[in-house]
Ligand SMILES: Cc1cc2nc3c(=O)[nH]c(=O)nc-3n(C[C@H](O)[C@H](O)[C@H](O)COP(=O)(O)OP(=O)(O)OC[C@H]3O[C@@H](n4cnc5c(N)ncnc54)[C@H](O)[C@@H]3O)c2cc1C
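Shown next as structure tokens: one chain only, the form predicted alone.
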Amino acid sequence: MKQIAIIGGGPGGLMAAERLSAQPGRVVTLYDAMPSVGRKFLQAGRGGLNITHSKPLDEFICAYGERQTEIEPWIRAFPPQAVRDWVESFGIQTFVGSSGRVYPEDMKAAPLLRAWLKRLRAQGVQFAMRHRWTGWSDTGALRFQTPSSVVQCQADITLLALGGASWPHLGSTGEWTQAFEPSHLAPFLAANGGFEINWSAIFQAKCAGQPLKSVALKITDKHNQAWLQKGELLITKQGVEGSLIYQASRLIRDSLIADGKVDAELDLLPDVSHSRLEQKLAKPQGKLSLSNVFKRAGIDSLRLNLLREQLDNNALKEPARVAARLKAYPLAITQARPLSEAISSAGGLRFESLNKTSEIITRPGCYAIGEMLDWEAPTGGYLLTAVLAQARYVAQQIIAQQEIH
């Protein structure tokens, strides 16, 4: 019987365990440092579990940016529709939301995880919790720190699914990097996270926690290439976050790293032309207060407070200046929020350390998958889909190689 060790109980490790345990002749043991598996998966589902996206496949694959070439084979072998079919194999229906994102019918992660674990146990997968992997022994055995002792385990095949370095309280601490040569690693960076803006204390008190809907974000890079997207974001005490910011997070982060600044601005009313907006603001004020003048022009209190951050009272009475600022509101982003707060991370084990089947070149028989590799994806189901797809892809490669030998 082949002994297969899977280290990491997130979606990647669980999917690999499902595929590898589906056929006889293998003993699959899944190790995890935490008391239970799927903690980050459950956390991600608290606001509605986004499993994938309904975009056409070619458009979907483009979301992986610089790593599209490496990731494309995984996705084509297990595309978004296959993810939906897999979820529905547990008797859980899926639906497409208004944004094109795909969710389980009840929006929850817990029922899916329970059904998944039931399937894995039925297929004979063994679970070893509170086993923190610390690398290899001199003889190549896997070393684990448990609450009571250090244990060593031998495996014919090892599959590492150790995650990145975001949300470390859920298990993704990035400590596994200590087992690798620094040259094999790219530094961890925040992905799909918030950014800091030095809001005034008054603005923080009034507006922190409020969503800013129906805006357009424009990012211009050093090559004068513009990225433009409509959506919504969240004003925080420290700055901004939310879906629109997450979509642009790689551009913003990389600009900050390269130049120490980023050229970012909001169109606060993208559905109203500049001229029409100026006309609305230029109507006689009469007995209206300034706030009611803005309200009459379709400018809510949050947008007015944003204007007050950058324009004084005299400027707020000039329709041309106000309209110009509403249509091109500069975001003075200073830095990214800490990696520990980000939804996911970039960086990790470099693809150059792996062969085409994700086997570590210097560790024959050991494979690496998921967020521990140096790639990233925007929110919208892209990250989970790629993790699941790679796990299945690599598991199938392992099965095929064993059948050959």
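Everything numeric in this text was worked out from a predicted model, so none of it was measured. Heads up: residue numbers just count along the shown sequence, starting at 1.
Below, we turn to the form predicted in complex with the named molecule, even though it does not appear here.
A residue is said to contact a partner when one of its heavy atoms sits within 4.5 Å of a partner heavy atom; A336 fails this definition for the named molecule in the model of the complex, lying far away. Taking the partner from elsewhere, L20 is found to have every heavy atom lying beyond 4.5 Å of the named molecule in the model of the complex. Within 4.5 Å of any heavy atom of the named molecule in the model of the complex lies no heavy atom of A16. Mapping the unseen interface onto this chain, A282 falls outside it, with no heavy atom inside 4.5 Å of the named molecule in the model of the complex. Distance criterion of 4.5 Å from any heavy atom to the named molecule in the model of the complex singles out W167 from the list W167, W86, W199, Y329. The stretch that touches the named molecule in the model of the complex, counting heavy atoms within 4.5 Å, is 28-36, out of 28-36, 360-368, 347-355, 66-74. Contacts between 128-161 and the named molecule, taken as any heavy atom within 4.5 Å in the model of the complex, involve H131, R132, W133, A161.
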